[in-house]
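Below sits a lone chain in structure tokens, taken as the form predicted alone.
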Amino acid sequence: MKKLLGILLITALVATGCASGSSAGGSSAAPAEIKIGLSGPMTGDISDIGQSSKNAAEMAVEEVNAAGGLKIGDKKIPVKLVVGDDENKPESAANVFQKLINQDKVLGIIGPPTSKCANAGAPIAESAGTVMVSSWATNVNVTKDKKFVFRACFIDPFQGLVNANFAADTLKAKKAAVLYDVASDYNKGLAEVFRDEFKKKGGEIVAFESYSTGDKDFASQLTKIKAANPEVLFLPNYYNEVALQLQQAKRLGITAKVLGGDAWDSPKIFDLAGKDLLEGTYFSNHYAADADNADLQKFITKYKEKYKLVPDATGALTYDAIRILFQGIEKAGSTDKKAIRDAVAATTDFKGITGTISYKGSGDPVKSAVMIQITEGKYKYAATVNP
């Protein structure tokens, strides 16, 4: 009896092994669905940024699925979006990436939008050989020395240059002050580039003040800035912080022209700061909603119909980022991650809604930036700056 049971057990194991081997051998067959990960702050201090990322990604997924899915070989495969909440915290972003890659088995990851979270997730994606395309993370280190990490946005050195040139050439400023979050990769990087580039233009940085994430009282820094009497005040900070900084600057009587970076771009900035405080301010951005671009206007119209909001830059960039990944998957013609990476890296003249995107030897796109002026409670296109 024992001998018979042993034979039966061995037979079962062999059969199971053969079945498993058959399944593994057939792994090159097209999957039932393609999973794409999205990492963004769905909760936390800038949760609306996460929501706009999710909205735009879902729109893109719905569009491709309405056409039958992504074409791999002679088949079209539906796409499933798997969303992870990074809470705008680097440690949470790392956990999201581990889960998306190891548990959810995603083919690629969109996001995170913020630089500090992108810097936490990028090494994990790189190590796993999983393509990551960040939408909004502009810090230079996100893609540095990485082959699988890309972005849809311009980088801080370019954005800092844009603001410095605009301050010196358009606003004719000779003296500038900066207030920035020293604990954030994005804020710090942009502040330092602006400082260096403005000085190259012959300008003087009369105050270079810092604070830490979560601070609410900027009276000490702004008092020093007022005493320095700058013509321009550069605030490379997130919209929720900028609102407080503008309020406190007004109370102190600071009259300098105010500039900012793309992190200003959220409808909530008007709720938090009010249109009067924002009147006449400027910020660099990835696109202007009033630009004469048929594809952009089509996207904005559809987004507004679906979500009752004008998409912010994060939403527009997420839409471009995920479509770049989709194009890479279809050009690769397989679910092989290395082939997808090579196809994304070869992206040239991609007609995005935020501009034409090409990758030329790195994960940083060659594309333009725009300067936006806030006037009468609205964003108005001011200028385009080419790389």
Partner chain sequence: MSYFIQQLLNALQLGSIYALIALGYTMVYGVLGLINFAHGDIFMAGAFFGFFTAYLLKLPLIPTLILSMLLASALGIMIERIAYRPLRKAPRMSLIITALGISLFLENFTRATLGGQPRSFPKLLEIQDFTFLGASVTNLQVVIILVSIFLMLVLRYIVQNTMIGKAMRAVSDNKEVLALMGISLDTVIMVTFGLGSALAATAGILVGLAYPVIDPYMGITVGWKAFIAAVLGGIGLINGALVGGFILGFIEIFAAALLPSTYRDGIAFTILIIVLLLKPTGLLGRPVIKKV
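Numbering follows the first chain given and starts at 1. In this text the structure is predicted, and so the values were computed from the model without any measurement.
The next section is about a form of this same protein that is not shown, the form predicted together with the partner chain.
Residue D48 is the only one of D336, E33, E58, D48 with a heavy atom lying within 4.5 Å of the partner chain in the model of the complex. In summary, among the residues S212, N229, T170, T301, the only one with a non-hydrogen atom within 4.5 Å of the partner chain in the model of the complex is S212. You can rule out all but one of 122-130, 142-150, 93-101, 247-255: in the model of the complex, only 247-255 has residues with a heavy atom within 4.5 Å of the partner chain. Among residues of the shown chain, D185 is not one whose heavy atoms approach the partner chain to within 4.5 Å in the model of the complex. At a distance threshold of 4.5 angstroms between non-hydrogen atoms, Q221 is in contact with the partner chain in the model of the complex. Using a 4.5 angstroms threshold between heavy atoms, D217 counts as touching the partner chain in the model of the complex. Taking the partner from elsewhere, G69 is found to have every heavy atom lying beyond 4.5 Å of the partner chain in the model of the complex.
Using a 4.5 angstroms heavy atom cutoff to the partner chain in the model of the complex, none of K367, V370 and V385 count as contacting.
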